[in-house]
Ligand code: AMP
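A lone chain, given as structure tokens: the form predicted on its own.
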Amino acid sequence: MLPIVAQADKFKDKAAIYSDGQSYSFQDLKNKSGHLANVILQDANDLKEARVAFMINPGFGYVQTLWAIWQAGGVAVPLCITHPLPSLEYVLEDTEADIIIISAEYLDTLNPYFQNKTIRVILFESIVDTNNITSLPAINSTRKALILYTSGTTNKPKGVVTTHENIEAQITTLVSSWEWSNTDHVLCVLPLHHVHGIINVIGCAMWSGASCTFIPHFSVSTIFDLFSEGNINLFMAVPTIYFKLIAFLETLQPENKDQLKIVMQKFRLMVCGSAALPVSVMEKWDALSGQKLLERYGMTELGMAISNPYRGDRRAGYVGLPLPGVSIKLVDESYEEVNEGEPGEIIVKGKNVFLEYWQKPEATVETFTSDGWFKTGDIAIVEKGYYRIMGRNSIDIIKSGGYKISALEIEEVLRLYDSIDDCAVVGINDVEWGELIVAAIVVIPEKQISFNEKELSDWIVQKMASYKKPRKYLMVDELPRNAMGKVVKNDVKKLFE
């Protein structure tokens, strides 16, 4: 039996999932996922790593389907429920999925694909609700378990293949480091085709016997209503969600704001990740909620690798320390370890590191060093023992006028300017400079008329070296982002073309 399914036996009648107005126990999850595994298997004894795509709303049905695919011996391929047909087709074609499990509401989206393909379609709503389970295959921990796709912020998305052993390593290090227990209750508001939602929220909760509540659609008022009920003590989100929660809180009357702060102060833990967290947002959230966000660093290929401590100093602007079982080095362009205090590319080793890019052997080889370290492409520096991310090697490190400049550092300074709500800094090709530093800025609506670019330029050189200042600004209504709220820097660059 898979370890994560075996864990359910420890908690049986305890509530595992709250969704669609219902409560489901760990026993329900084990029984119903086992039955669905039999449905998927049909007459086969073992799927033998066949890819099974699924397009199911967040909730009990999602987790049931994920566990069922694993128990049937398949490789789970979660599809984003908000992606357009071409994006979905790309994943289905790339993984060569043999089976898809789909909710009725998404049939219209994928029907054009089904017309021309031989793929077995299982309508989720047609599954007979029973706990009957016949024999299921024995699954080795080294088997492929999951294919998630990279954000595609710098190139075409790649399928990241993780094994059951990888997933167990990713989950257990977080359960230990963040002190998960069966008394925890987490609210899931994250997309479930990314590691943040699947591993950090669902995986950790189900492993530790915690409860997980799902909401059908993202709603700030619903989130605060659930907070106010007093059952939830754990929350994880991306910076854009915290932006929205802060904006809502700032519209409230002082007494209502204070009431919510009292509620949130009782939370055991609040986490932020998947994109850089502006220090100003962390400080504002601390003031409004009484919670100092725990920022961490991870990616699709790793799960989580670095984290601020659960007990100890959580430093704003830093992602913390390597997690147990995860080895980290900072290296130069020759993959030699840099001296202490110097920036370098993060490379990682550990059982948490993925197996391969799906059907891309050359890309897989290229992303590992000769002695097996995974090259993240992210640049960091260690300051007083804590890692600070400076940006992506190819996107956030701008080579201008002979200098290597961190775009994230410039963005942090720009956000301090009283007229700027958000920003994204990139480098664009330039004959004179190599790369010209430019910034797309979202100006606070009521300050757009009075905004003066020269005043901003004069202000920023008082805050940082003049060679780091943007040479051009572009006012935009919003920044281009992907489903996880990450700014797509290549799309920002296109704004300047």
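What you see is a predicted model, and the numbers here were worked out from it, not measured in a lab. All residue numbers refer to positions in the sequence shown, first residue = 1.
This next part talks about the form predicted in complex with the named molecule, which is not shown.
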task: Give a yes or no for residue 150: in the model of the complex, does one of its heavy atoms lie within 4.5 Å of a heavy atom belonging to the named molecule?
output: yes
- prompt: Is there a non-hydrogen atom of residue 387 within 4.5 angstroms of a non-hydrogen atom of the named molecule in the model of the complex?
  reply: no
task: Could you confirm whether residue 158 comes within 4.5 Å of the named molecule in the model of the complex, counting heavy atoms only?
output: no
- prompt: Is residue 295 one of the residues lying within 4.5 Å of the named molecule in the model of the complex, judged by heavy atom distances?
  reply: yes
Site test, 300, 378 and 392 vs the named molecule in the model of the complex, non-hydrogen atom cutoff 4.5 Å: yes
statement: Only hit among 414, 323, 276, 186 for heavy atom within 4.5 Å of the named molecule in the model of the complex is 276
query: Of the options 117, 120, 266, 404, which one has a non-hydrogen atom that comes within 4.5 Å of the named molecule in the model of the complex?
result: 404
statement: Testing 365-373, 106-114, 136-144, 392-400 against the named molecule in the model of the complex with a 4.5 Å heavy atom criterion leaves exactly one stretch, namely 392-400
field: Neighbours of the named molecule in the model of the complex among 308-346 [non-hydrogen atom within 4.5 angstroms]
entry: 319
query: So the C-alpha spacing of residue 434 and residue 390 changes by 3 Å or more in the model of the complex; is that change toward closer or farther than shown?
result: closer
CA-CA separation of residue 435 and residue 317, closer or farther in the model of the complex than in the form shown [shift of 3 angstroms or more]: closer
